[in-house]
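Look below for two forms of one protein chain, each set out as structure tokens: first structure 1, then structure 2.
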Structure 1
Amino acid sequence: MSAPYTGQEMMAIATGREVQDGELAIFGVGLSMLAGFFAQAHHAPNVRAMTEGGVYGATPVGGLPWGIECNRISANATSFTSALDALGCLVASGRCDVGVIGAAQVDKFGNVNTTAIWDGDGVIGDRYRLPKTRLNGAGGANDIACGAGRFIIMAAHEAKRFVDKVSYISSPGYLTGGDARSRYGFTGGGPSAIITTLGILRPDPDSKEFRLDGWFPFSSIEEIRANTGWNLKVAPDARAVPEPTPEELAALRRVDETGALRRK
């Protein structure tokens, strides 16, 4: 790739563009946190940022935090509370506007699996089957998916990750599509976008099936469809996503001071 930025940097910037100034936002670890703090550094200085661990109102010091309670964000936080306050009070009550989570697997209705990988379904009837590969688990992502006003999913765009149906729902999207999610009484509204290393997917307003909304300058519709495990539809107004501006890249790299993403 000849572009002066990495695919992960493009993904982080595209995700950060979704975060609006003044919102109460919760970020997961790693790339999710980078996207959120990029937004704060570039166009959303008044975003009220918090992590799953309860660190609120921080600005990273000395580079991208390594975790949700890292000294790089706890050192200058407005408040340092707990996961119970962050997830149980602010997110579960519907006060959180937006969340950003990662995914090991995601399906066409935005359901996320971070629990394990099976051959087939993880649960048959009422029996949980032993998986082929055990993953890290949901952490606070389930709480965010259930309670945030909207949430954004970040994932590397590979066919093995983008599947027709996840084998286990760790964090719910639109379940089986249509009005299925609304029947479960979740406080939050569901996933508004899946942002990947190749482009952006958004849900169809009626079916809630995710379709291609935009592709990155170094990608194409054909490449994205080839790396998606369902028959990916293309939105009528789909278009190329604008490249990062010099100002966006500078803001991102101030947050990613150690250059971790530029090595990807």
Structure 2
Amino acid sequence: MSAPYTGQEMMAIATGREVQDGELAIFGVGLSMLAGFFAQAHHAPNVRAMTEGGVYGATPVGGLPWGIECNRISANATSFTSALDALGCLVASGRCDVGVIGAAQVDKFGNVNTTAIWDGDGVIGDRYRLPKTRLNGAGGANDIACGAGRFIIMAAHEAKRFVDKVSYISSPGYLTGGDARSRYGFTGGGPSAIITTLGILRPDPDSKEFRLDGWFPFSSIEEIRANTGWNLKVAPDARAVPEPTPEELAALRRVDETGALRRK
């Protein structure tokens, strides 16, 4: 890749483009937070950003925060409340417009697994059994997936991660597709996009199966299909995702002041 930007930077910018000005938005740590603050620095100056612990009005200082309550994000907050407030009153209530979550595994209906990986066929089975690899659990992502108006999933595009059916639903996407979500009392609408290291998937409006919507300039339909564990359909209007503009890159790099995204 000879582009004047890294794949991580493309992914952060593509995610940030999903966030609109004035929206109430919740970001996790790491790439997700950089994507959110990039949006704020570039095209969404009035985005109302929050973290799930109830830290409001803050922008990170001194580099990428180590965590949602890191001193790097607590240093210039205007308000500290609580998890009940942030995840309950603002997210599960349906007030939050958009959230960004990560995924260790994601399936064709946008269901997310961040809990564990099992041996063998990867399926847990009807009896709960010990996982081969324990991951981080749902955290606030389940709450965002249930409550936020829409949410965006970020994931590394590899066939083992993009599976037909996740082995454990930590955070619900469209479940079995169609209107399956409507059986539950969710206040949120479901995942609007999966931003990957290679491109962007979006759900078919009816079946809710995720289709290829765009490929990053350094990728292709073929590469993406080869790295997807289900038979990925391509949306009729799929196209190459525009590469970062100089303004976007400059804004992102102001936010990513220690260059965390440029190292990869």
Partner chain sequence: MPPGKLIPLSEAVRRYTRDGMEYASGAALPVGSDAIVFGRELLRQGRKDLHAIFHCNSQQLNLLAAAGAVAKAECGFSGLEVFGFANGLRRAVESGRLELEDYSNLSMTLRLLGGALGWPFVPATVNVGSDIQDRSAFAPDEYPCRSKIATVTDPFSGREIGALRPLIPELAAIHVSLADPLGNTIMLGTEWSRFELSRAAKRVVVIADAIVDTACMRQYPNLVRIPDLVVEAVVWWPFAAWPQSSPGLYDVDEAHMKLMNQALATEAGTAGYLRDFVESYDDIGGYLDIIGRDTVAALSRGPTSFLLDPYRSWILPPEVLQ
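Take the two forms, find the largest set of C-alpha atoms that superpose within 1.5 Å, and that set is the rigid core. Numbering for residues begins at 1 and runs along the sequence of structure 1. If you're wondering where the values come from, they're calculated on a predicted model, not measured in any experiment.
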- Mark the structure, either 1 or 2, that is the form predicted on its own. 1
- Gly190 C-alpha moves between the two structures by 2 Å or more, core aligned: no
- Query: Aligning on the rigid core, do we see the C-alpha of Gly62 shift 2 angstroms or more between the two structures?
  - Reply: yes
- Message: After core superposition, I'd like to know whether Asp164 moves between the two structures (criterion: C-alpha shift of 2 angstroms or more).
- Response: no
- Item | Core-referenced Cα shift (Å), Asp119, between the two structures | 3.2
